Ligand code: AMP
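Have a look below at one chain only, the form predicted on its own, in structure tokens format.
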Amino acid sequence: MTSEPDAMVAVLASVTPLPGATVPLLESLGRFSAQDVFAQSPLPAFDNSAMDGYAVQGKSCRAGARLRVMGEQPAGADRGLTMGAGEAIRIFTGAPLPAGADAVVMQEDVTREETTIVLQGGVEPGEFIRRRGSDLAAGQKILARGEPMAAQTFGLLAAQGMAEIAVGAVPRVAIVATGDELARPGETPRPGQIFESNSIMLHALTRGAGAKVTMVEHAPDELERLTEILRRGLESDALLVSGGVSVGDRDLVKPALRALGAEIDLWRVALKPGKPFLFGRVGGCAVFGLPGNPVSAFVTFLKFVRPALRKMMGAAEQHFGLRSVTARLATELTNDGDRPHYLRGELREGVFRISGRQESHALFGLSRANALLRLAPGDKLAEGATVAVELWD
């Protein structure tokens, strides 16, 4: 049985970033930058006013001083205005600062008398001025290769005049759920059957990771039919097979994959839940055999499939895994087993609580969870202990 760290190394060593593309900026959301991006112009691009008011010289400003208004500078085209001591220019937020001005006084702090303003107090040089380059300098790196394209970054890139950007690929993923015991949602299950749910869950997880699902199929426990369905799935960049990867007589995924020329790099990982996990390749397609139990499929997707998809997308290594945060334990937890155990729970207000039953079939508890806690073999953690948990939302 392969250790969890060795399994992760094997999976990531076997996948490479897919060819990317240059796309319109808005189409890059959720993808990863394929280039380092540097500012071509500073922000702000020129000295401008932070308020509606009057551009002035600080040395002319004291309580009761009267300044002559020489003109008006709205936001937009620079009118090239110039002012001197004892003068003011009406100015608006974002407007270029006139030559000679070194401060802006808010309109609320003056009294306007036709072509004159009367100051209510003094003004220091630099007040309410946004200096050129104070937010961003020309040549400064604003996005690194492998960083996620997040909505909050788009304003910065657009402010540099960028309409498109080079990003990594969106992997194409095929999903195959196996087993005669499965009935499709909407069908009437025969005695002994259960509704098939893994493909729906894996579809959602795949989309959440940023990849695209191109095929979803259900395969019966029949070698020839399963092999044909897997053959079509191998046309994608990644193939996820749910169930059929254990050691039973009806677990046909391995023989079907071998019939298709698969190189199986690992099978069975020291992990709970998720021991019957398989990984291999057929040509350019990465193949993941996930356990049939839904919680096991969920955990092995997060720990192995998601990082591989992120690498295919061109993500930097720090974006492969889940986000880790610290939390306090609501109850004592113990792992008396010989495998690392990923417990599912809810992180709320800094406290982690186990959610529901922790068996690999228990979907209700999983549905209430938003975090994973890894308990190493032999771990015994006290109530109130500080732990690291991983978030998938």
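Computed from a prediction, not measured in an experiment: that's the story for all the values here. In this text, residue numbers run from 1 along the sequence as written.
This next part talks about the form predicted together with adenosine monophosphate (AMP), which is not shown.
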In the predicted bound form, the residue from Gly292, Pro98, Gly274, Pro171 that sits within 4.5 Å of adenosine monophosphate (AMP) by heavy atoms: Gly292
Residue among Thr206, Gln73, Thr300, Asn198 with a heavy atom within 4.5 Å of adenosine monophosphate (AMP) in the predicted bound form: Asn198
Joint contact, Gly53, Glu124 and Glu127 to adenosine monophosphate (AMP) in the predicted bound form, by non-hydrogen atom at 4.5 Å: no
Options 81-89, 143-151, 237-245, 156-164; stretch whose heavy atom lies within 4.5 Å of adenosine monophosphate (AMP) in the predicted bound form: 237-245
4.5 Å heavy atom contact, Ile194 to adenosine monophosphate (AMP) in the predicted bound form: yes
Contact of Asp251 with adenosine monophosphate (AMP) in the predicted bound form (heavy atom, 4.5 Å): yes
Leu257, heavy atom within 4.5 angstroms of adenosine monophosphate (AMP) in the predicted bound form: no
Heavy atom of Glu181 within 4.5 Å of adenosine monophosphate (AMP) in the predicted bound form: yes
